[in-house]
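Next up: just one chain, as structure tokens, the form predicted on its own.
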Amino acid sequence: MLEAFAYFKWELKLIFRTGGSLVNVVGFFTIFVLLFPIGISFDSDNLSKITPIILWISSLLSVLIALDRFFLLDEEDGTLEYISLSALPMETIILIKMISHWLTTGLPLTILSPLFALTLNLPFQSYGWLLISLLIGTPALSFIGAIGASLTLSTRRGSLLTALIVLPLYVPTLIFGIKLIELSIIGESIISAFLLLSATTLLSLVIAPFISAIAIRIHWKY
């Protein structure tokens, strides 16, 4: 337990020391959200209807651009293999990386989302559900992203391949996350969308460490 906590602190310290990933994610999210409505319409009614889509797609793409930093740098300098020789199982190492990735990508976007929702005319009664939707759904983006990053670890410039792998897997999270906010806007029950979104995140949390660990071990074997 102490080893896992120490590695978690080291991982966060390393991410914040470099800082580039967090800046890129927040910067891309900001630019996308502010520029997207220009290509649609400035009509407030039309804009409010597509606000859940804008915020969720921008969150998805922002997390996507940070996936190449999941394992690549640690693999290149040998850190990942060195840590794997410690008392921590590979699955635990990956789980810590997944959580650290979400804390520095999905969580900041979730916190910023109400500010941008204000500029997109989201109805006031849906702000709480917007936060809940992103708070529950964005972890799945990091968890599923770990699978894609581990599968392309041996591929040079594998960012595009990672995107091709994870984008289809992101679809359920994207659909349920958007649906939850849309249902809150029109005043209908959000229970089904909430439960399906939660189930998608929990499923990805359970399977991602094991699939990623298997992929990394296969990479080292060959």
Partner chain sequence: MSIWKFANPNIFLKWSTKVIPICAGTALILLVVGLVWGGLLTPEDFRQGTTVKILFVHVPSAFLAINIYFMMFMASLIWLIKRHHVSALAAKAAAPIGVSMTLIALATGAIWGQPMWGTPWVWDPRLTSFAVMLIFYISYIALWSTVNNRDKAADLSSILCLTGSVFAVLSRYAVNFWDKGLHQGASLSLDKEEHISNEFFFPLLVCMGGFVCLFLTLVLIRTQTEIRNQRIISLLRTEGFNK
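Numbering follows the first chain given and starts at 1. Not measured: the values here are computed from a predicted model.
What comes next is about the form predicted together with its partner chain, which does not appear here.
Contact between residue 211 and its partner chain in the predicted bound form is found at the 4.5 Å heavy atom cutoff. Using a 4.5 Å cutoff between non-hydrogen atoms, residue 14 does not count as a contact of its partner chain in the predicted bound form. Under a 4.5 angstroms non-hydrogen atom cutoff, its partner chain in the predicted bound form has residue 168 among its neighbouring residues. Residue contact with its partner chain in the predicted bound form: residue 207 places a heavy atom within 4.5 Å of it. Contact here is defined as any heavy atom lying within 4.5 Å of its partner chain in the predicted bound form, and by that definition each of 154, 179 and 203 is a contact residue. Only one of 109, 147, 130, 94 lies close to its partner chain in the predicted bound form, with a heavy atom inside 4.5 Å, and it is 147. This chain is drawn without its partner chain; in the predicted bound form, the residue among 57, 185, 26, 161 with a heavy atom within 4.5 Å of it is 161.
Within 4.5 angstroms of its partner chain in the predicted bound form, the stretch 105-126 places no non-hydrogen atom at all.
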